[in-house]
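Just one chain is shown here, as structure tokens, and it is the form predicted on its own.
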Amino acid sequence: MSGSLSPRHLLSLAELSPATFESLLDAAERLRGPRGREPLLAGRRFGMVFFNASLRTRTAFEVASFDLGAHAVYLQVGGGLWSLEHRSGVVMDGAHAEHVKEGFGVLSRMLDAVGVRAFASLTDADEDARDAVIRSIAAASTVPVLNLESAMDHPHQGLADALTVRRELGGERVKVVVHWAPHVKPLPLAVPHAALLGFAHAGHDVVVAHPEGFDLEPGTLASARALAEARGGTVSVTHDRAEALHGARVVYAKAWGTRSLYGQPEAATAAVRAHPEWTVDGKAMAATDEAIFLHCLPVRRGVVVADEVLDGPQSRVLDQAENRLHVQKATLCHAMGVEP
């Protein structure tokens, strides 16, 4: 151990200082190599509480824990773990058997850090905007809480996105398009928020492109603009897809729903199906400045992106996914006060 950091929650990229953001990317770079297989976290215990399914996040944290000498504990809410209530002051006479105050109070006494995945409800826009579930858990926990995707953010994905562009294009300031895509159902805002915040932190010129009505959360946009300005970058929003793609060096495709149709599943589904022309295909990528293509995965082929793009030379989605392992090693070390 070459030094130490104060343990802290990682709930949103908007709350990271520029210095901490850069230090996490630097640590991820170091942990790509032999340093990432040293027992830096020997004897430490990391819990993962999943309200929702996972492939990359869970695998990367289990492998990261193993590589660094920590022990990972996986807990699935409603599938081996009691159903959890997060609201305060409610009479718990329904489906939820345990409150997060007791649940995470106990976990805090058994673990050194805990990660939580709790997707947006897509039924209550105000509650999702407050990130109520993970914020309630963080308030109940006395050990660091890492956000493994919440209603409003997915900081580990955003870190991996920024690391992917850094490794591909160096420290060059480039035009990055966070590109809305169609889907078969409405999806949460967490990933586009994280991508926006990550690229803003990195000082890029970020263009959010989407059809009218698919606005991101205003507070997140404001945070991203402030972060970008501090780093010499910009954040803009357009409904003109051709204008957005022109000169882009990075195209990050992601589907998301519209906040105006929360709690209206049929109308929300119709809305995300209504713009098939926004699928990212070879013609769209040809309009860019030889841009690389990114997506967080999982991805619906032929809906979000054409096979020719996903399987083509511009795709970096597997590099992007691999980088989740390296940034998650970095955030584990940071949460547990270890500087790799």
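Residue numbers run from 1 along the displayed sequence. What you see is a predicted model; the values in this text were computed from it and never measured.
Here the subject shifts to the form predicted together with phosphoric acid mono(formamide)ester (CP), a form of this protein not shown in this document.
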### Query
Heavy atom within 4.5 Å of phosphoric acid mono(formamide)ester (CP) in the model of the complex: which of Q314, T288, S65, S54?
S54
### Query
Which residue among G282, G302, P298, G69 has a heavy atom within 4.5 angstroms of phosphoric acid mono(formamide)ester (CP) in the model of the complex?
P298
#### Entry: Exercise: H326 in contact with phosphoric acid mono(formamide)ester (CP) in the model of the complex, heavy atom 4.5 Å
no
### Task
Although phosphoric acid mono(formamide)ester (CP) is absent from this view, report whether H154 comes within 4.5 Å of it in the model of the complex, heavy atoms only.
yes
### Exercise: R117 in contact with phosphoric acid mono(formamide)ester (CP) in the model of the complex, heavy atom 4.5 Å
yes
### Task
Sort through 56-64, 30-38, 302-310, 271-279 and report the only stretch with a non-hydrogen atom within 4.5 Å of phosphoric acid mono(formamide)ester (CP) in the model of the complex.
56-64
